[in-house]
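Presented below, as structure tokens, is a lone chain in the form predicted on its own.
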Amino acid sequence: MDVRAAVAFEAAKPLEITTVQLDGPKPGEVLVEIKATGICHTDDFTLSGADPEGLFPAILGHEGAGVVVDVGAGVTSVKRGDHVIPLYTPECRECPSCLSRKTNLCTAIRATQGQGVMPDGTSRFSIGGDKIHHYMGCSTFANFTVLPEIAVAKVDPNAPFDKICYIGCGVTTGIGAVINTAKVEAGSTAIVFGLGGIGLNVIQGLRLASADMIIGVDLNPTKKAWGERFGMTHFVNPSEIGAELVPYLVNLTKRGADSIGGADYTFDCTGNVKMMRQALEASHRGWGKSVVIGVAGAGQEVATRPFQLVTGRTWMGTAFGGARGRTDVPKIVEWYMAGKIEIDPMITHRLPLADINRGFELMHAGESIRSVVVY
């Protein structure tokens, strides 16, 4: 079938809106009509050419929501008409990783997903017979896409597509990093580095976890109001403090008889390796946990003095907020529908597919939290 898509033909070039051919679902696969998709920093990271796994040409996009329109043989967990969110982190419930209950990083289709193809090693997308790669197993920058059954989460059919698409990455990653990965306790102190689409959801997660002091760090002064809207208690702009950032934050987090200072939990949402180090070193001696969420460019490495770890700090990483997609994503949709979490204010721009490149421009200019393409 012919579908409309924004294709990344090469790195560092604008996406091209064109017609591509999409083959139907094979056994174990699902054809989904995408109704809305968010434009995420990860899409921009790949498009920039910095992603070591980036492949071209490809149909990017991994933060979507839509309706199942057809299923392949053997599919039992979803049917035509079901509303679903594509999952770039699948949940097969059968691989050693899923069965371990120690990680959400399902390995069932990891190898082929990283190669930009479906589990059988082929792509469903093409132009004139030439292969177009899938992206993160999702490719939501097309109005129809094919996914493995284990990579779709069935959700509430009453939930609005243009809001819950954000749960496909940003919301789940931020809130999940707090709840699933760090396991933040009530009354904790926390620092969030980078108040973009992920960072604001980390703040939202910290509020849910009843953290006491929530410090946001960002160079953009407009993010102060955004952070406060979602539960931030203190804002720090490194360019305005007139001091070294880490000592400043450590001093800010001193409370009562605690003369050492440092946050119980810190979260890097920037992808900047310098900030990752600062986040670790701003965590509390003896028990501080620092969670890396942002993804750095190809070849970049993070470093710190071993002393920082020997003295009890823990460096952690998280992918998709530690969430098990088919199990946890429907619950987060329920939280949204019940008013437990907010999404609507963060959807700052709604665009047609023809204007998708404008969404990237808004991101680069710092003018959007999340732009959503509505088909």
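All residue numbers refer to positions in the sequence shown, first residue = 1. It should be emphasised that the depicted structure is a prediction, and the values quoted were computed from it without experimental measurement.
The form predicted together with a small molecule exists for this protein as well; it is not shown, and the discussion that follows is about that form.
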{"property": "Segment that reaches the small molecule in the predicted bound form - one of 19 to 27, 6 to 14, 362 to 370, 348 to 356, heavy atoms within 4.5 Å", "result": "362 to 370"}
{"property": "Y88 within 4.5 Å of the small molecule in the predicted bound form, heavy atoms", "result": "yes"}
{"property": "Contact test in the predicted bound form: P119 vs the small molecule, heavy atoms, 4.5 Å", "result": "no"}
{"property": "The small molecule contact in the predicted bound form: D218, any heavy atom under 4.5 Å", "result": "yes"}
{"property": "The small molecule contact at V295 in the predicted bound form, heavy atom, 4.5 Å", "result": "yes"}
{"property": "Candidate site C40, G197 and G271: all three near the small molecule in the predicted bound form by heavy atom within 4.5 Å", "result": "yes"}
{"property": "Contact residue in the predicted bound form, chosen from I179, V155, M275, V75 - any heavy atom within 4.5 Å of the small molecule", "result": "M275"}
{"property": "Selected contact from Q204, T173, S290, T145, since only one has a non-hydrogen atom within 4.5 angstroms of the small molecule in the predicted bound form", "result": "T173"}
